[in-house]
Ligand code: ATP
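Only one chain is shown below, in structure tokens, and it's the form predicted alone.
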Amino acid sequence: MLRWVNAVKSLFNRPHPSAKEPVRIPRSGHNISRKFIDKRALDVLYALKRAGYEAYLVGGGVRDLLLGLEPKDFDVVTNAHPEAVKQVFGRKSRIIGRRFRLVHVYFGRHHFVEVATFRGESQGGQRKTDERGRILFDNVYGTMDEDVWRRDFTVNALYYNIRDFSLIDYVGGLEDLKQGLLRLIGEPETRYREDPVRLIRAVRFAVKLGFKIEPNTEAPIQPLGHLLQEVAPARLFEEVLKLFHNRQAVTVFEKLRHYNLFRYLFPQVDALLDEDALTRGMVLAGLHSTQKRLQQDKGVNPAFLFAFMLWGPLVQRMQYYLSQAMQPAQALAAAADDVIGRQIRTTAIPKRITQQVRDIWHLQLRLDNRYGDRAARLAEHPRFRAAYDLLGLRAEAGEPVRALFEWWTTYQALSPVDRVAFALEVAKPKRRRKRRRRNRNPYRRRARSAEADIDQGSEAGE
């Protein structure tokens, strides 16, 4: 991190710019090269330029390039309205969004570049806010001079001009990069009320960049945390993935706890963290595992994130149902319904993901039942690997499942032939005595009753 800051210091040893006059840095004065910009983003920029529109890179992509980081994505901003952008790119583009309309320009099925129109000041009631100041509708277009004041943090408000490859800085973003400071543009409380997601974005960016949050930006974070309850659950789901599918996931978690924001993302988990060591151990073990996988450039699964995060509340709720004389599988299913039902009020987890979470949880009951060919069948289950990893986290958190986890670790390392012999060494489960099946046919029960009455009558007659 120090290397990046020193690099920025050497490039931008300049005074803070005024609010009205932007600082313009020519190509010779900064370290952004087109060879580090995604080709798809360049194609979009050049296509807009050829069509006669202004086009700039803005946001995290510019910030990360200046810091020597590899950007995850590149956002484009233009003076072309969404309909005009769609005309330029035709079928490969789609207009999205309700609060503010954007255009996604697609390159294949899964890759797109997001294009936004410059935002402006409210005109004719086009920008709508609620009584708390939260923006509900914001399709107000303007110029770059207006757009910059509508962005969130100064370090995310740097514009890269594709025409002459210069940088434009209105709000002192370059100076804040040099100082390692995260600062909101405008009056912090007002900006947080406009969009409460900025509360958790401040935490995420500060951790990712290793920056300090500027005091005026930091002061309202904890007092305004309750505003997150007003954010749409679908939007919070996406933010949760950004927070915890992160190479600094543990630090993000600790910072969210520090500002008392975690409770608004995982209320059931937060309620147990201080009183249940196993729940806290599970969360930390899971986050350590996640960040380790990402640091090794391995994939991560949203279902696994929610499986280990919600394990503590699941176990607690399952204990209640077991006390009601339910069988373990029934108790787990009922507890899963309760825990997932409460969580989706906060983060709208898609159904395909909640089904995977349920599968991972249900397999925890089955992993001990591994005699003979049952082990092979379990190992072929599509959620086996995630279930095995969750079992490992449980062992790491202190649950008494270490021996079972080590058995499965050994089993997976064996050849197919050796696996059969190894599974046969497991104690064979006792067969449960089958209950005699009751005849539930009411007509046959009546017939048998009538036969019994006849027999009793015959005996009485004798």
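Computed from a prediction, not measured in an experiment: that's the story for all the values here. Start at 1 and count along the sequence shown; that's the residue number.
This next part talks about the form predicted in complex with adenosine-5'-triphosphate, which is not shown.
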key: Contact at His381, Phe384 and Arg402 by adenosine-5'-triphosphate in the predicted bound form, all three, heavy atom at most 4.5 Å   = no
note = From Asp373, Asp145, Asp73, Asp276: within 4.5 Å of adenosine-5'-triphosphate in the predicted bound form by heavy atoms is Asp73
query = Which of Arg101, Lys208, Lys255, His104 has a heavy atom within 4.5 Å of adenosine-5'-triphosphate in the predicted bound form?
reply = Lys208
request  = Name the stretch, out of 150 to 158, 169 to 177, 341 to 349, 223 to 231, where some heavy atom lies within 4.5 Å of adenosine-5'-triphosphate in the predicted bound form.
outcome  = 150 to 158
query = With a 4.5 Å heavy atom cut-off, would you call Arg40 a contact of adenosine-5'-triphosphate in the predicted bound form?
reply = no
query = Taking the shortest heavy atom distance, is Arg204 within 4.5 Å of adenosine-5'-triphosphate in the predicted bound form?
reply = yes
query = Any of the heavy atoms of Glu396 lying within 4.5 Å of adenosine-5'-triphosphate in the predicted bound form?
reply = no
query = How about Glu54: is it within 4.5 Å of adenosine-5'-triphosphate in the predicted bound form, going by heavy atoms?
reply = no
